[in-house]
Each structure stands twice: as structure tokens, then as C-alpha cells.
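Quick setup: one chain, the form predicted on its own, written in C-alpha cells, and binding and motion questions come after.
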Amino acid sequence: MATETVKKKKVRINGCVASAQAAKYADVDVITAYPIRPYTATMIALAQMVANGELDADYIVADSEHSQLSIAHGASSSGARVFTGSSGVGVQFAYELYSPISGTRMPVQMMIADRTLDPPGDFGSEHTDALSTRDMGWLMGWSCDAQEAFDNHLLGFRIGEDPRVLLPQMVCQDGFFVSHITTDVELPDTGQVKEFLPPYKHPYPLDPRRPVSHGPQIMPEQGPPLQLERARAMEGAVPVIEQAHEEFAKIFGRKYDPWIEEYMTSDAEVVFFLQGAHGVTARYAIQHMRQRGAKVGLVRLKTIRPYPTDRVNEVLSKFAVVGVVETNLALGSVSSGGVLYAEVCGALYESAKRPLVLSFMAGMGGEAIVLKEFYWMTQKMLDAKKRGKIEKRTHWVGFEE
């Protein structure tokens, strides 16, 4: 980033530009780009910053998403702070690289502006693209607006680069609903960022002056210790995540719970459980339903990897019914619907007081989840509470009476 000090200011930007601004404030060294909407606008903004001299970084246009992640892997191995990104089928095209990057403990940061996979390949949000990589050893979570997107990128670098963690990060946002809708974003003083985010220093960079070898191809007997080490790194990220959020609040004045946002849950009997930008609409729907006397609330998952099992158990066990809003596909899974349901049920298994759990397939194909659909889902949860059992495990919203 340019050496001059930038003072705190408020701007109106979309999630794509907010992500680009975060990469600029993080003073990234290498950017690898390959266009696919809706994330393309992030790389356009970064290209302009580099061309204008606002950001001193190597900007590399790859010939595919696979090459994009390969370059990012090599750059991070050499000790560079790296920023990349993709969307939809682009995320899938690079799939081969996700395990090697986390397995070699390179804290590459990847911005995902998600979109539905083909078919239908729509521009709107569906979380299946990023969630298909969820078990590859990357830190992962969703932002609900542009401010969270900006903040989560800084948090991601801080957490992933911590020597106790050294894991790559997918900082996700909903395509269109966050990537292309403008909201007010507070950009910090550059001094605040320097205080929060120290320079990246990998303990074992590729350096001819101190030869080391990096590579995922190892002998079979070396595999179990490596996998255990990676598992412990993900588990060990939990206290680092909490510490980073506490320090973020002290420096920037914005306090986030790193795991879960609760909205109107103090006396709620039934709650929605979801992640991402549809939580914004859910809040409005809950306000309206409250006016009608329905005791409904929202629990929004902030971080899905590492999964906050104990926290989910603690929070959700207080309610009679949990409605999991999926916005992703896990065809043939335990719910024959989405990913989140199984993990909610797994987290609640050891609870002495387990709520009824329903899965709602909504927002599929990138469609908006509108207020009347939240009203419909609320009624399904209230009906289940009244009966004391669920009607069926999974509901496809908009296709049932």
C-alpha cells in the first residue's frame, strides 16, 4: 500500500469493492486473478489500485482458476501475503489445490463471492460452491454485508497467518446480495490496521539462502502425522479466532461474536439458523412476525470452519424448534437437502434438551428469500412446536402448500 497515512472515513461501496479495499489495507504482496462474475469486480478494483500506485503488489492474471491457486500457493510459499478469489464453477475448477495449500500450511486468502453452480449457473447467491470445499482445511465463514466483508478479510489474514494456525482462509459473501449491493462501510485509519495486522512472516519460506522442501507428495507413513497436525491446527484456531475478535473490537470499535449472531432470541420459542446475507431479510421478517405475536428469532452462523460445535449446542438447545435455512445443495445427504442440517443435528446430539430440527431448502438457484417465505417457514416451525413433532425432515420452500 502507498506509504501515506489514510484517515478513517465512511464510504458507500459494495461487497466486492470492500474486499478489494481490505486487500489494499492489508498491504498484500501478490494478487492472482481470473475473471468470473460476481467476484470479478474485486479484481477490477485491485487492478486500478495497482495501476494508480495506491497498492504496491504483483498483479498476476492467470489462465484459469487452477493456475490462479497454483500461483497463489507458490507465492505464499515464498513468504508473500497473497490474495485471490473466485465464484461458482471457478471455485470448483481449482479444487485440486485446496488440500495442498492447507497441507503445506500456507495462509493464502481467497475471497468467494458465491453463485449457484451449473445448472443453472445463476448470478445470484448459493453457498454450494464454497461449501463443497469445506473439509479441505481452510478457515471459512460468511459475511452478511459489505462492512462485515471488509472486516472479515482483515480478521482472516490475522488469524490464518498466526504461527499457531498457518491455514488458508475463504472469506465468503453472497453473490449479488453482498457483492453488488452498496452499503455504508467504515474504512479505518491505516495506523489501526498496522496495529492489528503485523507483517506476514512464514517460518519456513522458500529461500535459496536457507533451503527447505515443500510438497504434498510424501511417504504413506508420513501421512497420519501430517493429517493430525492439520487437524490440530484447525482445532487450535478456535482460541486464536476469539482473541483476534477481541483485539479487533478494541482497535476498530466494532465488536463481533466470532461464531454466532443472535437476533431477538431472548424469549424465542422457534428460531431460524442460517449463514450469510439472507439473515438481513430474516431480521425484517422476524420483526413483522413478532408484531403478530410469534416468538421467533434468528441464530446466524458466522464461522463454519472451524465449526463451533459447543456454542451451537449451547445456543440452539434453548429453543423448541430450529429451522435450518440451507441455501446450498447436499443431494442424497442425511436430510436429502443441504449441508447445515446434519451439522446442527450433530452438534445437538449430546444435548440433554434437543429441539425439533427442520431443514428449509430456500434461495436455491440464486433466488432471493422473500418475506412471505420467511412467514411460511415460521408457520411450519410453530406447527411443529404445537404438534411436538416435525411433519417431515426437509421442506422445499415455494413448492409446498
Partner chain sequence: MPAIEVQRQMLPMFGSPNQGARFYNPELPQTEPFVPGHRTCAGCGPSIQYRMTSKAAGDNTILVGPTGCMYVANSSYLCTPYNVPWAHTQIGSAGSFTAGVAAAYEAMIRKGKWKGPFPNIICEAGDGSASDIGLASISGALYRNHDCLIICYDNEQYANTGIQASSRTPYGGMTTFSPPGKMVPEAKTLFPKDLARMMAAGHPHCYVATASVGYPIDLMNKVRKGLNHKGAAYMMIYTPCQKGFVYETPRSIDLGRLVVECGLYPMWEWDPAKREFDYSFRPGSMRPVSEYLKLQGRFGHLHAEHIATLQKFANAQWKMMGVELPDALLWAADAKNLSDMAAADEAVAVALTV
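Remember, predicted model here, so these are calculated numbers, not experimental data. Residue numbers count along the first chain shown, from 1.
Beyond the structure shown, there is the form predicted in complex with its partner chain, which is absent from this document and is the topic of what follows.
- The partner is absent here; in the predicted complex, the one residue of 188, 306, 258, 100 having a heavy atom within 4.5 Å of its partner chain is 100.
- Of the residues given (207, 262, 310, 269), 207 alone sits with a heavy atom within 4.5 Å of its partner chain in the predicted complex.
- Heavy atoms of every residue among 30, 71 and 75 are located within 4.5 Å of its partner chain in the predicted complex.
- The closest non-hydrogen atom of residue 331 lies beyond 4.5 Å of its partner chain in the predicted complex.
- At least one heavy atom of residue 59 is located within 4.5 Å of its partner chain in the predicted complex.
- Heavy atoms of residue 350 never reach within 4.5 Å of its partner chain in the predicted complex, leaving it off the interface.
- Proximity of residue 356 to its partner chain in the predicted complex: non-hydrogen atoms within 4.5 Å are absent; the residue sits far from the partner.
- Of the stretches 334 to 342, 49 to 57, 358 to 366, 371 to 379, only 49 to 57 has residues with a heavy atom within 4.5 Å of its partner chain in the predicted complex.
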